[in-house]
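Shown here is one chain on its own, the form predicted alone, set out as structure tokens.
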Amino acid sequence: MAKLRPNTQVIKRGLLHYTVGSDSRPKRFKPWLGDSFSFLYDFIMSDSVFPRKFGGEIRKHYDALSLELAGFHGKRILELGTGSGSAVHFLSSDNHYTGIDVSPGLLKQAAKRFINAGFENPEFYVVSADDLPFDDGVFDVCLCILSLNFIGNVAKVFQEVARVLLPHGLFVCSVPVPERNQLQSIIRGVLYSETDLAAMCRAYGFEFERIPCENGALLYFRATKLR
């Protein structure tokens, strides 16, 4: 089990971990896609969001991330916004995977997908990315794939990622940015420009580097924790 912050309580129900609130009950969140529709998530992403909103290709998306993460084996990896578990398409199963999301419905799908893909003891937490329950310096790599625009306090996310990563840890992100939205489509959430994202990286002790990939409205970047 991933090391938790002191005094953090969790309850495990089935395949998922829930943090305990001040009322001694599991914390709950409101996902952007209701849990009753979570079974449609993959279809919505591949057949609607990628071609119609992003103007991109999901296959190119997986290829770019596979290339970026090909050399990672036996690493402790945290993913923010696990969704239905698409990271099985670009992560090696010999890594130690921990995923978080505010949607229990999506996390249940992800848990089954990671187990079926051969990951050993993957962990899944129903928590928000701007309030992580994990201790300082726990993970080698943090991923945030197509989720950053849905998180309210993005600056707090960078702060939390910097806290839970080991020195020289890596933050790999894919996110739509307004300057690449050539379709002028309505993309849900709050979009930050590449300039804004690079500035936030630097503000929280990361070195920002764009990953070379042209895929519609999406920006891919890596941010290395400097210390």
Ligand SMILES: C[S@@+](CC[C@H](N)C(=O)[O-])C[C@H]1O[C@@H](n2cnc3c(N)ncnc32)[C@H](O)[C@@H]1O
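Numbers for residues come from their place in the sequence shown, where the first is 1. All of these numbers come straight from a predicted model, not from anything done at the bench.
What comes next is about the form predicted together with the named molecule, which does not appear here.
- Listed stretches are 69-77, 114-122, 93-101, 134-142; the contact stretch with the named molecule in the predicted complex is 93-101, by a heavy atom cutoff of 4.5 Å.
- With the partner removed from view, the residue among Val172, Ala64, Met45, Ile187 that has a non-hydrogen atom within 4.5 Å of the named molecule in the predicted complex turns out to be Met45.
- Proximity of Tyr192 to the named molecule in the predicted complex: non-hydrogen atoms within 4.5 Å are absent; the residue sits far from the partner.
- The named molecule is not drawn, but in the predicted complex it has a heavy atom within 4.5 Å of Leu146.
- Proximity of Val88 to the named molecule in the predicted complex falls outside the 4.5 Å heavy atom cutoff.
- Heavy atoms of Val154 never reach within 4.5 Å of the named molecule in the predicted complex, leaving it off the interface.
- Contacts to the named molecule in the predicted complex (heavy atom within 4.5 Å) from stretch 47-82: Glu79, Gly81, Thr82.
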